[in-house]
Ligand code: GLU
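So this first bit is one chain, no partners, the form predicted on its own, shown in structure tokens.
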């Protein structure tokens, strides 16, 4: 597509929601697919809720996900500034144009006035709408109200009975009647701050946005935006409204379902590539039915027509499964760098060699679904003593006795170092001395030295624990177990 330009326009009023991240990701993938531009615009006109901290957090989350923008608040671009709070002079010119054309007017109605109108509509079983009270005020009436100290908002004048057509790329032709969109609506509040539905139209035109892919919750805004664009002779982009993400109970995904912000997934130990991959599967599917993709593979396969218009259910278990696949196949050096912060929360690893740490990580990565799972497995190799989980209690009572403990300890003390060969020597000797074999031998030994009933192969486990620590652990169990 020629001159393909899309945008992601978050409001910095909190952390980046997983649903908004998916919208950003779809826009990013399409921009790369069609060799276009991905524009980041900050919509920060909600001054009460917008914060600089939130903006910084959102930008960090987008970068962590690998969503590089071509133009934005921290990037040079031909249509700057890319922060709406810096564009008020631009919006004011268009507001004056609408007023001079007779397509907008000053409104002095109070919140109480609007509430009276709303209640009247409810009594008549009608949709709440503005009744046009200030639509035809004379110049003298306006001047008098302003002199009295009243500060007006600016309303856009909606013509009744106009058919508004949205040719949605996902949903097809959708028609609205202007009589059903709530009457004349505010475009500039009484504090002189323009509202979203108004300035988004101006920004999309001036920034040459060709396609707007966004959530279906914005669909009801579209007729208002089209009306404004036509009155200002602005270009109307092609719209595509994708379905929202639902929780397992098929209600809109919220905090009660679990983690909903990108930052929390990062803190929990999800890999950015895995989250990126999983989000692509929510509302999109490949022709082959595959589920694991690199970013380049997603770019080559993405197509607007294959983005679903039916809601996708967020499957937390599947995300963990996909993340586990990425952990198992991740570059080991990079994985160690990512996992060290999680280790540093509970352990002093400054004196541990990266070689040993990588050996441990290589051994246990198959048991990790998220990086924070390291706290469950690392103590096996690091701690002098260990805690025994509930699954081990029966085995400790029934199958671990002094004969087994003494045999294992004495044979470990005989070898110079622990490795695969010495492990076989130790276990053969213990087998002969205790007359135990199979599960009756290996399960108690595993429980004794790891505190778990499953895990890494015993020969590798013993080698990584090391002779000194293993002896101390067994002696501790003999005394306290």
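Numbering follows the first chain given and starts at 1. Here the structure is a predicted model, which is why all the values come from computation and not from measurement.
In what follows, reference is made to the form predicted together with the ligand, a form of this protein that is not presented.
Would you kindly say which of 218, 320, 129, 171 lies with a heavy atom within 4.5 Å of the ligand in the predicted complex? Exactly one listed residue reaches within 4.5 Å, namely 218.
Consider the chain as shown here, without its partner, and state which of 347, 196, 326, 378 has a heavy atom within 4.5 Å of the ligand in the predicted complex. Filtering the options by heavy-atom distance leaves 196.
Tell me, yes or no, whether residue 365 is in contact with the ligand in the predicted complex, where a contact means a heavy atom of each within 4.5 Å. Judged by the heavy-atom cut-off of 4.5 Å, residue 365 is well away from the ligand in the predicted complex.
I'd like to know whether residue 16 contacts the ligand in the predicted complex, with contact meaning heavy atoms within 4.5 angstroms. So residue 16 does not count as contacting the ligand.
At 4.5 Å between heavy atoms, is residue 55 in contact with the ligand in the predicted complex? Answer no; every heavy atom of residue 55 is more than 4.5 Å from the ligand in the predicted complex.
is_contact(residue 9, the ligand) in the predicted complex, heavy atom dist at most 4.5 Å: Answer yes; at least one heavy atom of residue 9 falls within 4.5 Å of the ligand in the predicted complex.
Using a 4.5 Å heavy atom cut-off, which of 196-204, 334-342, 147-155, 391-399 contacts the ligand in the predicted complex? Looking at the other structure, the answer is 196-204.
Let me know which residues along 292-314 have a heavy atom within 4.5 Å of the ligand in the predicted complex, or say none if there are none. Sequence-ordered list is empty.
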